[in-house]
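Below sits a lone chain in structure tokens, taken as the form predicted on its own.
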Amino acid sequence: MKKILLTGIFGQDGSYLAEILTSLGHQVNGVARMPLRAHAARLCEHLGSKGVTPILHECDLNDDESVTALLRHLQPDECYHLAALHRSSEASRQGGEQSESAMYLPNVVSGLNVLEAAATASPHTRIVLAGSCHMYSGAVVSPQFEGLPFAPRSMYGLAKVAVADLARYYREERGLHASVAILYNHESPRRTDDFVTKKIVRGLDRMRRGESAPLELDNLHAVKDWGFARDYAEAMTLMGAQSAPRDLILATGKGRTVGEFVETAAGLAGISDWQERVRVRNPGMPARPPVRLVGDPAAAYGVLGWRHSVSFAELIAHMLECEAQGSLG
């Protein structure tokens, strides 16, 4: 039995990791902000219904002493740092509690604190940090691959690049087993409503139940590499189990537009007139061609022996079914 620490345990990825690691017989510890917000509380209850009852710890990830004290106390075998302040494109458009620039420093500091705490107080701990395809959002090469220079176009992407640089430093200079999982778009019924995939699925489910409200989207041209979040959680556990740390891209290698997502979902939902019921705020192609954020998973396939198991259509069908049932999957 391993002792595991998950930050962001009641997010989409953390919840799947908690399920997987519990099923393997490990002791799962989680860091969660208390009191839990509505979506996190619902995920907590959902995990409990499945017999997943992690040991929870209150810890301010932006306070170095608090993080160091937690790792010194727990001495975890593996730590998955998933917690981050993040706003989807939909949330960014609508505005929110914090500006994007205000999220940069907390995201960098929390990653730094986890790495320094492990190096100082629990050096045997293997660290896996969640990266993002937004680290390549300005890339001119597609698909993106390990070794391609990072090209972020957002504060969120910049923060993820900074944490990846820190991980490399702690790996090379401090001997820490630290890896970065560069996660491309990974979706599930556990997404919050401000992500475009969940917004599409929820809007189409309402249409098939007879509601007349249109589905409003920014544009249909953006290209994403969409996979199933649970597959990516499994890959992260394999990264934590490797004898040597390594940064890896986790992706499907296939790009789809937002329009293809809507069309596929509408077909599965039996909505033939979806084009008449979707309002696009920016119907023309943008002046700057959208970056094809598609990842090359060849290295992960070879190093981990991992494959994504759920196809694009299967992912959408699963999300639609869970939406109809009011389930988190």
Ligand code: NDP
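From 1 onward, residues are counted along the sequence shown. Keep in mind it's a predicted model, so treat the numbers as computed, not measured.
Keep in mind that the form predicted in complex with the ligand is missing from the display, and what follows is about it.
- Within this chain, residue 131 lines the site of the ligand in the predicted bound form, having a heavy atom no more than 4.5 Å away.
- Proximity of residue 187 to the ligand in the predicted bound form falls within the 4.5 Å heavy atom cutoff.
- Heavy atoms of residue 37 reach within 4.5 Å of the ligand in the predicted bound form, making it an interface residue.
- Looking at residue 32, you'd find a heavy atom of it within 4.5 angstroms of the ligand in the predicted bound form.
- In terms of contact with the ligand in the predicted bound form, the residue from 191, 177, 224, 230 that brings a heavy atom within 4.5 Å is 191.
- A heavy atom within 4.5 Å of the ligand in the predicted bound form is found for one listed residue only; from 241, 109, 148, 85, this is 85.
- Contact with the ligand, judged by heavy atoms within 4.5 Å in the predicted bound form, is confined among 123-131, 255-263, 212-220, 136-144 to 123-131.
- Contact residues in stretch 1-15 (any heavy atom within 4.5 Å of the ligand, taken in the predicted bound form) are 8, 10, 11, 12, 13, 14.
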